[in-house]
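Only one chain is shown below, in C-alpha cells, and it's the form predicted on its own.
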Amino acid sequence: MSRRREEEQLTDSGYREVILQVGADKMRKSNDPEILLCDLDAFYASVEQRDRPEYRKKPVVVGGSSGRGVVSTCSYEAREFGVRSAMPVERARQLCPEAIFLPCDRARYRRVSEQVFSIYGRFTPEIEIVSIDEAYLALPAGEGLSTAAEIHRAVREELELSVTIGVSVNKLLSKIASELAKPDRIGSLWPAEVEELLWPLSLKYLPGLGPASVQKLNRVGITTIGQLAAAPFDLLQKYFGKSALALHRHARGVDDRPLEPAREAKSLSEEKTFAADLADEEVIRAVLISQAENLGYRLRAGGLRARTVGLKVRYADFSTITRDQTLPAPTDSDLKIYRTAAALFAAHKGSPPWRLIGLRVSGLQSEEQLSILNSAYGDKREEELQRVRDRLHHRYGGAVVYRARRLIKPPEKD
C-alpha cells in the first residue's frame, strides 16, 4: 500500500488528527520490519480520571499521601505546575497545593494494563512488555502507521484511555518518535531522517542520557545529538567508559536490540528512571519496596516463583552495575525479594546520586516444578498474609493494605 493511500485511509477513519509525521518516509528499505512503542499517557492518573469523572481536567498526583511518599505519576494538569515522577510528595504539594493526591492502586492499574495489552495482541503476537504502561510491538514493513492508528482508536474507544505511539525500524527511534509525539498522538522517525530531524535535537531527547551526563557533555561544547554523533570516540570513552559505544551508536540512530516477546521472557523486572538524580537512600528504598511488591504480585498471579533476585543501579555519570543473589529456594514473597534487593543495594550502592534503580527476578519456576522440599524454606504466616493481601488487592485495589516497611523513616542523627 502506498504511503499516500495509507494517509488517505487514516483521514477517512477520522484519526488523521492524531498522526504526527515527524518526517516523510524516504529511502527506507521495503523489507524492514517496523517497531511500535506504545506508551500510555500519564497512565495511573489517567485511570483515576477515567474512573472518577470529578477528577477530570484537574491536577492529579498518584504515589501516596504521606510526607515521605514519592510521586509515581501525575496528570498533565499537574505537570503544568512542575510536578514530575519520582519527585517527593511534599515537593509536589509545594508546587501544586490544589492537586488531588492519591495512593497507588497497583492491582487496578495492573488489570487495566492487561486489558490494554490484550488489545495490542489482536494486531501482533510480537510484543515486548517494558513496564505496566509501555510495550514494543513488531509489525511487517509498511503496516506501522495504519496499525498504530487502529490501536490508538481501540484503546480510546474501548478503555477511554490515551496512548502515544512511535513508529520506526528499531526500538530507539520508535521511543524518540513517541516522546516527540506526546501526548495522545502517533509519530514516526525513520533512519534516513536522523541527520535532518534527530541531530538538531537537544541531548535530553536521547533515551538513557541523564541530566548529569548532559551537563558533562555541555561543558565540552556538546549540546545536540548531532554533535554527540560527531564527537571523537575517545572523548566519549573518557566520560562514559564501556557505555560510550552504545551512546555513540544511539546518537546515530543505530539500535540492534532485538524484540523480546513476553512468551520468551525468563525474568520479570521493574525499573525506575528518575527525572532528576537522587541522593536520598530512603527514597530509593521506597522505590525498591514498591518494585518488590509489584514483582511479587506478578509472580503469584502467574503461578511462578523466582530463584534469583537482581539489582540494577545507574549512577549520575551513566555508569551502571547489576548484581544478582541466588536464594536458597524459589520465592514469590514480596518481603524476601525486598530484603534481598535492599541488601544488594547496601553492599553495592556506591556514591550518590543515582539515576535509575531496577529490580529483576529470574530463574522462574512454575508451582508444578517446585519440589515438596522447597516448602521447608517457606514462611507459612507470610504466605497466608500474602494470599489475603492479594485477594484484597484484586477486589478493592492496592490502597486497602499497606506493608509497614513502606513507611520506614530515616534513622535519627546521633
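We number the residues from 1 along the sequence you see. We call the rigid core whatever largest set of C-alpha positions still superposes within 1.5 Å between the two forms. This one's a predicted model, so the numbers in the text were calculated from it and none came from an experiment.
Keep in mind that the form predicted together with ligand TTP is not shown, yet the notes after this line are about it.
S.K.: Is it the case that S333, even though its partner is missing from this view, gets within 4.5 Å of ligand TTP in the predicted bound form, heavy atoms only?
M.R.: Heavy-atom contact with ligand TTP at 4.5 Å: absent for S333.
S.K.: So in the predicted bound form, does D41 come within 4.5 Å of ligand TTP, heavy atom to heavy atom?
M.R.: Result yes; D41 sits at the interface with ligand TTP in the predicted bound form.
S.K.: Taking ligand TTP as it sits in the predicted bound form, is S213 near enough to touch it, meaning that at least one heavy atom pair lies within 4.5 angstroms?
M.R.: No, S213 sits far enough from ligand TTP in the predicted bound form that none of its heavy atoms falls within 4.5 Å.
S.K.: With the partner left out of view, is L209 within 4.5 angstroms of ligand TTP in the predicted bound form by any non-hydrogen atom?
M.R.: Close contact is absent here: in the predicted bound form, L209 is far from ligand TTP, nothing within 4.5 Å, heavy atoms only.
S.K.: Only one of K171, R79, R108, R185 comes within 4.5 Å of ligand TTP in the predicted bound form by heavy atoms, so just point that one out.
M.R.: It is R79.
S.K.: Counting any non-hydrogen atom inside 4.5 Å, which residue from A86, V116, A138, I222 sits next to ligand TTP in the predicted bound form?
M.R.: That would be A86.
S.K.: Tell me which of 32-40, 344-352, 357-365, 48-56 has residues with heavy atoms within 4.5 angstroms of ligand TTP in the predicted bound form?
M.R.: The contacting stretch here is 32-40.
S.K.: Can you tell me which residues in 273-290 come within 4.5 angstroms of ligand TTP in the predicted bound form, by heavy atoms?
M.R.: Only S290 sits within 4.5 Å of the partner.
S.K.: Inspect the rigid-core superposition and answer whether the C-alpha of E271 shifts by 2 angstroms or more between the shown form and the other one.
M.R.: After core superposition, the C-alpha of E271 moves 2 Å or more between the shown form and the other one.
S.K.: Is A42 one of the residues whose Cα moves 2 Å or more between the shown form and the other one, with the core superposed?
M.R.: No.
S.K.: Indicate closer or farther: the Cα atoms of T273 and I151, in the predicted bound form, relative to the displayed form, with a change of 3 Å or more.
M.R.: Relative to the shown form, the pair is farther apart.
S.K.: Given that the shift is 3 Å or more, do the Cα atoms of K272 and I132 end up closer or farther apart in the predicted bound form than in this form?
M.R.: So the answer is farther.
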